[in-house]
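Following this are structure 1 and structure 2, which are two forms of one protein chain, each written alone as structure tokens.
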Structure 1
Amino acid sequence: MVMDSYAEYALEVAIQLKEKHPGTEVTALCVGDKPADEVLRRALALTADQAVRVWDAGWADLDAPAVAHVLAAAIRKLGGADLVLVGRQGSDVERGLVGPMLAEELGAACTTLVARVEVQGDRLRLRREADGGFAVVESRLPAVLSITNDETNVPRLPKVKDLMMATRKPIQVLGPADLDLDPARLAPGVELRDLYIPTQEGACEIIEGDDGPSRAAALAQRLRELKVL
């Protein structure tokens, strides 16, 4: 198992903020079964301070609202967070729903498609993607940001020393008994049955006529026959 690419950008932003602001602690958190430990160990190798995995055997088909509910409960169990960074979307279904839903669960401010983050006192100055370019906005804390790729957050490679140390660090595992969850909210409201690109079929019909007016009249007649007009 490997880390999702947008999650890597989010982790890189978190590590950069930790380096700029001493005392900042970075916790890598995911919903996943045992193989997800590989993802968390990479986060530890990239100098995340702790790693937490939340899982239950019955959670294999959680939808985005349920994942947000579980993550919010885990964050509260861990003592809360001033800033939560998530990837802008998963690279599998690319719905981009967990970040905004997590913000709603936590009662936090939410900004999506964030490329750059600056902490200014108790507020954030954010550069985010917008139609045709970028927008600079401010946000209060606590906040949830969905992070997109930018030239400033290209994921670094872990050092050999940190890779070795990561193999010895513990990964905390939380389950339903550890979290204040509403079981009714874990039932999927949406079932993903398939992903596909819709096929579009087209046909071309030549409208005959001796001149422009006759061709226009023939076109109008044909559109009425097709019930377009």
Structure 2
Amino acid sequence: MVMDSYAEYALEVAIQLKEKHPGTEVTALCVGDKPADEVLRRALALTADQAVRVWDAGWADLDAPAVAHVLAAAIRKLGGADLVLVGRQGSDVERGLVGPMLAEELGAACTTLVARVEVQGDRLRLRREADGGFAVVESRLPAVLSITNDETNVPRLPKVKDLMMATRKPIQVLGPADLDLDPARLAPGVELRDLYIPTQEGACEIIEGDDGPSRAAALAQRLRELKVL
């Protein structure tokens, strides 16, 4: 199992904040079964201070509101957090809902699509994606941020010695018995009815030619014929 692509960016932001503000503790938290330990090991190898996995056998199909509810309960159990970072969306079902819903659960400030994070005392200065550019947003803490990719948060690779160390660090496992959960919040909000592979449309016409310029000329000719330009 591998870490979700955008979660990697979020973790990179967390590690950078920790490097910049000594004393900051980074906890890697996920909802998942045993194989997810591999993901948490990687987070530990990337110097997260502790790793926590929450799981129950009945949770295989939790949807976004339920995941947010479980995460919030776990965060409370762990004593709360000033800053919660999540990927802007998951790679598989990519709902993009967990961040905003988690903020609601925790009563924390919410900013989505955040590319850069600066901590200034008890406030955050954020750069978020906005229509055709960026907006600089000031937020109070505690806050939940959904992180997007930026050239400043491209995930690093773990060092070999940290990879070794990570195998010896413990992973804390929490279950429903440890958490204050509301069963109504775990019930699904929507139900998967059908899953299908969309059909690929038409074949590509490959433009042939002896060299680059002849292909370019042939392509321009086709565009003229097809009245594309």
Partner chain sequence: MREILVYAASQGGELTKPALEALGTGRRLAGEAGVPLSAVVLGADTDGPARAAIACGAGKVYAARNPILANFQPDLYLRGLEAAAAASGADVLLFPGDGPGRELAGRLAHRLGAGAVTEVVGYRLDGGVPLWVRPVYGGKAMAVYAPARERVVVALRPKTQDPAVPDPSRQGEVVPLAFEVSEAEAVTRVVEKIQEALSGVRLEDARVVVAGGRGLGGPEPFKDLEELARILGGAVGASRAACDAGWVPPTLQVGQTGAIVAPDLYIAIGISGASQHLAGISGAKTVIAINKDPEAPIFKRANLGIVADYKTVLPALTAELKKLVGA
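From a predicted model like this one, the values you see are computed outputs, not experimental measurements. Whichever C-alpha set is largest while still superposing within 1.5 Å between the two forms counts as the rigid core. Numbers follow structure 1, counted from its first residue as 1.
Chemist: Just one question: which structure is the form predicted alone?
Modeler: Structure 1, which is the form predicted alone, differs in this respect from structure 2.
Chemist: Using the core for the fit, does the CA position of Gly212 change by 2 Å or more between structures 1 and 2?
Modeler: Gly212: C-alpha displaced by 2 Å or more between structures 1 and 2.
Chemist: Please check if Leu192 moves between structures 1 and 2, taking a CA shift of 2 Å or more relative to the superposed core as movement.
Modeler: For Leu192, whose C-alpha is compared between structures 1 and 2 after core superposition, the shift is 2 Å or more.
Chemist: Once both forms share the same rigid core frame, by what distance in Å has the CA of Arg222 shifted between structures 1 and 2?
Modeler: A shift of 32.5 Å.
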